[in-house]
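The data below hold one chain only, encoded as structure tokens and taken in the form predicted on its own.
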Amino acid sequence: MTSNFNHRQSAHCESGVTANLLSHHGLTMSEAMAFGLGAGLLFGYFPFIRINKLPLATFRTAPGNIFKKVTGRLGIQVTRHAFSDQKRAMDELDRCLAEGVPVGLQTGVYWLPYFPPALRFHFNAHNLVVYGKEGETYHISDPVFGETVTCAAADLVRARFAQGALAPKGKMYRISHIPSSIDHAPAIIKSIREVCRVMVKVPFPLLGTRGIRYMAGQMEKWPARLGERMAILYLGHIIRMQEEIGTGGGGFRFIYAAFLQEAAEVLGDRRYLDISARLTSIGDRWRDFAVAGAQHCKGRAAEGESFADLSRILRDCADKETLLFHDLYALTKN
């Protein structure tokens, strides 16, 4: 009981799942286009929300929003379910698979045994596609892996009903209908404007480039306020959120830059290519921050380098992104 599903590896789970599901149903789409249409790029720093007792920094929109916005903006019909009963959840999954319909699931990474032990942590918003079943074994297209994988039914149940923050509650989704004709251009413009508004136009100090600057200001104070050991823990947590959970700071900017390249072709406007190149350069700067921060965490910081130096890199990113997203927003109005 397996469908002919074309697995493609991606950098981020939800944008990869979205692109792969739509491509399976005949609407060929790259991960970059899915990420861009879903307005996936965002920054938020919320010190009052704790992840493992450490402040939350997020580099993407809320889980589920990419799939929701891509399908909504393109007029694609989807079917979604959430369950309180585990048997009903698995029965509905099996029913879809019996009909040859691949299904997207939200899961908890920790309970997926095909993840290497070092990468299994308590994160409950990991998306994957189940495309078949043989006996009590499910065939899975997990876009962060190079090849398809398998998972025993008992393990998949635990992953679908993991407890804690962002508990998946058996959530599943599938494509029901794709229109015969789709105009990508209006959806692209709408999605770009949404990202620009969040990054530079929302007057809230914890979001967008304002949030980057706020985090930079807090980071400078961590050693004196928290002590060296706790400051390192805070910094390591930010680096982990940036580089290991999703694709974070630089990675998401590289994906969005690739989206802008595709947008330039669809919209027939080469000016988007210039913005794309600028964003790629900013992504490199985010990676500079990650490397320098990781060196601090390992006790290998360059001589004389301090948390203030790390903060300056973040402020540089914020300054450049403020100009970029204002320029990008202006393009959508011309």
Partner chain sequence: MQDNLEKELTEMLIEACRVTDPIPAEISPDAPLIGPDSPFDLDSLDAVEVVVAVQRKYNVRIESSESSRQVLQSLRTLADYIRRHRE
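Numbering follows the first chain given and starts at 1. Please read all numbers here as calculations on a predicted model, not as lab measurements.
One more form of this protein should be noted, the form predicted together with the partner chain, which is absent from this view; the next part is about it.
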| property | result |
| --- | --- |
| Heavy atom of Asp284 within 4.5 Å of the partner chain in the model of the complex | yes |
| Residue contact check: Glu262 to the partner chain in the model of the complex, 4.5 Å heavy atom | no |
| Contact label in the model of the complex: Leu267 to the partner chain, heavy atom within 4.5 Å | no |
| The partner chain contact in the model of the complex: Val291, any heavy atom under 4.5 Å | yes |
| Residue stretch of 74-82, 174-182, 254-262, 222-230 approaching the partner chain in the model of the complex, non-hydrogen atom distance within 4.5 Å | 254-262 |
| Contact assignment for the partner chain in the model of the complex, among Met215, Ala159, Ile239, Val129, heavy atom within 4.5 Å | Ile239 |
| Partner-contacting position among Asp155, Glu243, Asp94, Glu194 - heavy atom within 4.5 Å of the partner chain in the model of the complex | Glu243 |
| Contacts with the partner chain in the model of the complex, stretch 8-33 (heavy atom within 4.5 Å) | Gln9, Ser10, Ala11, Glu31 |
